[in-house]
Ligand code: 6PG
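This document opens with one chain alone, in structure tokens, the form predicted on its own.
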Amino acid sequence: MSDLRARIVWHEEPSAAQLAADLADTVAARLSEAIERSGSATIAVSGGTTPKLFFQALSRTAIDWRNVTVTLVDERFVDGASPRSNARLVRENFLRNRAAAARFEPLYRARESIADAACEASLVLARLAWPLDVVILGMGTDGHTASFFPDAADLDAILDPDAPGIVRVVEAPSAGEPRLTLTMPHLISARFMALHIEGAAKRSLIDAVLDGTATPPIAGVLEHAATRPEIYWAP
């Protein structure tokens, strides 16, 4: 067994709906613990198609959402009305029902340049209580997570556990639009980190990562996480 496989906590359910419910219950408990401990809680979530059921399940949980701040793991440099916006995905699927009471801090800012947007987002997020209480990651079939793409020109700097700043710009051919992403140290320091994935292709890739035979960006994130990462998978 590899050292990385020994570190992680594995959760498996037979369906995406059951997996979403399981993860939602765990996250709600973690957020409630944070509120009880310090009076507030923070969570950063990912985009894509996988988290929709999780968002919907979490939005119905009975916790003190007035004291929860939600932000994003990463975002495309697109307006919040765009169908490719992670902020729009979160607003439509998560910030509803009971979770409508939560505070939302998006990464996108309507500025002339993405560098200006990253700077402003960093200033806003600097006011949060760090480390984040919960980080929910996704993973592409290329092994990227957040906006840590394998073909980013400055990948080594992106994956540096001591990288400066809170929000950084990432540009990579496979990313499409330029991206805004939380930096490596602000992800790996989370009190609870979960990787939420589905399907045989992603299972095959994550098995290779955990066995040490593949080293895409997700490998570095799992390796450097401050707490034991938890992987939630369904077929």
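For every residue, the number given is its place in the sequence shown, counted from 1. On a predicted model such as this, the values are computed, not experimentally measured, just so you know.
The form predicted in complex with this ligand exists for this protein as well; it is not shown, and the discussion that follows is about that form.
Judged against this ligand in the model of the complex with a 4.5 angstroms heavy atom cut-off, the residues T71, L132 and H186 are out of contact without exception.
Contact check for K202: a heavy atom falls within 4.5 Å of this ligand in the model of the complex. Within this chain, S59 is remote from the site of this ligand in the model of the complex, having no heavy atom within 4.5 Å.
Contact between G48 and this ligand in the model of the complex is found at the 4.5 Å heavy atom cutoff. Not displayed here, this ligand is approached by M139 to within 4.5 Å at the level of heavy atoms in the model of the complex. With this ligand left out of view, the stretch that reaches within 4.5 Å of it through heavy atoms in the model of the complex is, among 100-108, 144-152, 120-128, 157-165, 144-152.
Contacts with this ligand in the model of the complex, taken as any heavy atom within 4.5 Å, map within 70-95 to D74, R76, N86.
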